[in-house]
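Just one chain follows, in the form predicted on its own, and it is written as structure tokens.
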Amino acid sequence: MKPKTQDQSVSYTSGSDSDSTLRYRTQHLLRTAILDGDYSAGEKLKERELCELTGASRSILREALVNLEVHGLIVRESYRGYSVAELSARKISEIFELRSLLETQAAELFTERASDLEIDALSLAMKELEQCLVDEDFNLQRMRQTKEQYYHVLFSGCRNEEIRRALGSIIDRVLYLRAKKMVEPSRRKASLDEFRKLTKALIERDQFAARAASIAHLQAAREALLMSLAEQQANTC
């Protein structure tokens, strides 16, 4: 399956960009396509089609694919090439255990270290997220971009580059996992309530409330994903 939107394609005809820039653009386009649901879990990625889509050479494409594999969005099997990652219940639990440790700490540090400008930026990001989640014409791509902005402010404001780097290695997998679940109105409503509580605590610089709200949100998200996975497995039996 190719990405649905045509404006994602990138032209490399000028020849002035460096290989690193081409690799980044290729990686960004494929990452966006996966996170926005243009590829299904387990779907095989064909190099020839991806080269046509991105305009990148096979060498540049393969370097981009290696990076996406490092971030857990795709997997490589010997003699079969790359495919979109399928995560088990165990892997989901492991991801959320790590995320809970790091993200709750980031929330606590944000209440202590964030500037007033970052508090304002978080408030604005929350308003945009709220509009996205309550919009009847729900858009998965818009939701992902809005959440990325919210977390960008949160992680920047915690003033801990190691937490930010560690979370960066798993955040794509979290966005990918939650994308399909967030299509459900019931989960969007619950998620909105959780984000409101978290944001209120962060803006008020209430460290204990921020930690509690972060833990509650992550536990609810984990349980929703595990339930969704169980339902999918039951339907395929």
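Just count from 1 along the sequence shown to find any residue number. Being a predicted model, the structure only gives us computed values, none of them experimental.
Another form, the form predicted in complex with a further copy of the same chain, is not on view; read the next lines as being about it.
Taking a 4.5 Å heavy atom cutoff to a further copy of the same chain in the predicted bound form, the contact residue among Cys132, Val84, Ala125, Ala166 is Ala166. This chain appears without its partner; in the predicted bound form, the one residue of Lys197, Arg62, Arg187, Arg31 with a heavy atom within 4.5 Å of a further copy of the same chain is Arg62. Heavy atoms of Ala41 never reach within 4.5 Å of a further copy of the same chain in the predicted bound form, leaving it off the interface. Residue contact with a further copy of the same chain in the predicted bound form: Glu69 places a heavy atom within 4.5 Å of it.
a further copy of the same chain in the predicted bound form is not approached by His217, whose heavy atoms all lie more than 4.5 angstroms from it. Proximity of Ile170 to a further copy of the same chain in the predicted bound form falls within the 4.5 Å heavy atom cutoff. Along 94-132, these residues reach a heavy atom to within 4.5 Å of a further copy of the same chain in the predicted bound form: Glu94, Ile95, Glu97, Leu98, Leu101, Leu102, Gln105, Leu109, Arg113.
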